[in-house]
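This document starts with one chain, in the form predicted alone, laid out as structure tokens.
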Amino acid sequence: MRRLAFAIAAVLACANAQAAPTRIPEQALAQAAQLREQALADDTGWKVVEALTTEVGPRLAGSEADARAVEWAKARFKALGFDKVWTEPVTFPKWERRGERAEVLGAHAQPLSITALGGSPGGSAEGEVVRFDGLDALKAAPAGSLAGKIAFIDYQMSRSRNGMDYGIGGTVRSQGPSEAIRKGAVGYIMRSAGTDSHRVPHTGITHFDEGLTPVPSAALAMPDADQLARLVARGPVRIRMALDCGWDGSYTSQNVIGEITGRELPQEVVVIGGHLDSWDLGTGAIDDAAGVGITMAAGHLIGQLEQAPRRTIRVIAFANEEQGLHGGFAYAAARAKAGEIPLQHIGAESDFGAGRIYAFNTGSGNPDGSREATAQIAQALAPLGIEYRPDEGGPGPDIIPLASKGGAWAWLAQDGTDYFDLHHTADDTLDKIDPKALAQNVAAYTVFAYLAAEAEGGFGSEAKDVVPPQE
């Protein structure tokens, strides 16, 4: 404990003294170039993703498969040669999906392809459909105007490399049900938060504001949303939906952690990772077996070096990101309680699929002091087709809680042009991943993590409250 206190004091003293700008030694840059080429030719990341999606499959938080995934991750870390492997508990409410169906009633009777939103209660809802273009239109509806009816938000997300429109689509999912209840609705449906045209609905977590009685809430596949919109345009439409799902107590899962111990500053850690859980419709390949595979492989490759990195590489398979960043919050809270925020040298999470990384940046409370090192890392990443964008980016989802407490973060932006074609659907399966693009991700995370660990100086992690930018 005394050694830890001295280490933290040394880090704080260094920060307070406004030491010389952080730099990467030339020897480390040369080693990183070799690692980069090695990673491009290595298939460890692919093997990890293939194993997780095949041997465990879908990993809904709190399910039996969640427990199997934890055991799988522990065994995989050990097989990949990590020096230390352990777990940390993460407790959260348990939601289950058992079945779902919906249909149009009356003269145009036909089935609809839906999926319950995570957090929805079970039960049936039947009523006339009232269509809205977006959440603002629903908010503008008169009080009580949806009494006995079902609200339908028909917002179509647009496609982009950075997935920026998910901010709106995700808000329709998370806030729409509560707004519908306030207007008197007995049920809620939405066009899926996605960009595909397949008959596969997208699930995802929703929330109900305190004081409201939750109603059955679901997402429609894109063609079914189109169909329902055409029917509503012809005149009044009634639908019935029946959801068999709901909350069932609480569950304790685990953050699974593996480390490659640093040679000089082992208590300072470079954190990389992905989340171990997934939704239950597909096998969670792009979301987020890819992130687990990318970062496990990066740690493994660094661990194969004859000389360990200066600082420790810590790879985390986070628990239950999908339903509220539970693993990320638990990790950050534990570090803050132990006074270890200054020892979280820098952190990054891979959680946007397996498309090629195209941009890089870091962020901290001391951006000027670490800007030179960031530029050096960016230069080492450039041969992978990655641009340095010093004014962009933000922490990955499970790194947000750590960044909010003052931890430095890195942004390795993945091409998400088709990410929301697959996100939270039955189509999220291994065949959608390009092994070469995955290897490029592994190479990028390997170079970043190694050079960050070798840096002479810090990236500005400091225990303080921060509002991090959105990725």
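Since we're looking at a predicted model, the values are computed, not measured. A residue's number is simply how far along the shown sequence it sits, counting from 1.
Omitted here: the form predicted together with another copy of the chain. The next part is about that form.
Among 426, 40, 29, 437, the residue placing a heavy atom within 4.5 Å of another copy of the chain in the model of the complex is 426.
Only one of the listed residues (183, 198, 149, 371) places a non-hydrogen atom within 4.5 angstroms of another copy of the chain in the model of the complex, and that residue is 198. Exactly one of the stretches 31-39, 438-446, 408-416, 54-62 approaches another copy of the chain in the model of the complex with heavy atoms within 4.5 Å, and it is 54-62. Not displayed here, another copy of the chain is approached by residue 226 to within 4.5 Å at the level of heavy atoms in the model of the complex. Within this chain, residue 384 is remote from the site of another copy of the chain in the model of the complex, having no heavy atom within 4.5 Å. Residue contact with another copy of the chain in the model of the complex: residue 110 places a heavy atom within 4.5 Å of it.
Taking the partner from the other structure, another copy of the chain in the model of the complex has a heavy atom within 4.5 Å of a heavy atom of residue 234. Residues of 248-286 lying near another copy of the chain in the model of the complex, listed in sequence order, are 281, 282, 283, the criterion being any heavy atom within 4.5 Å.
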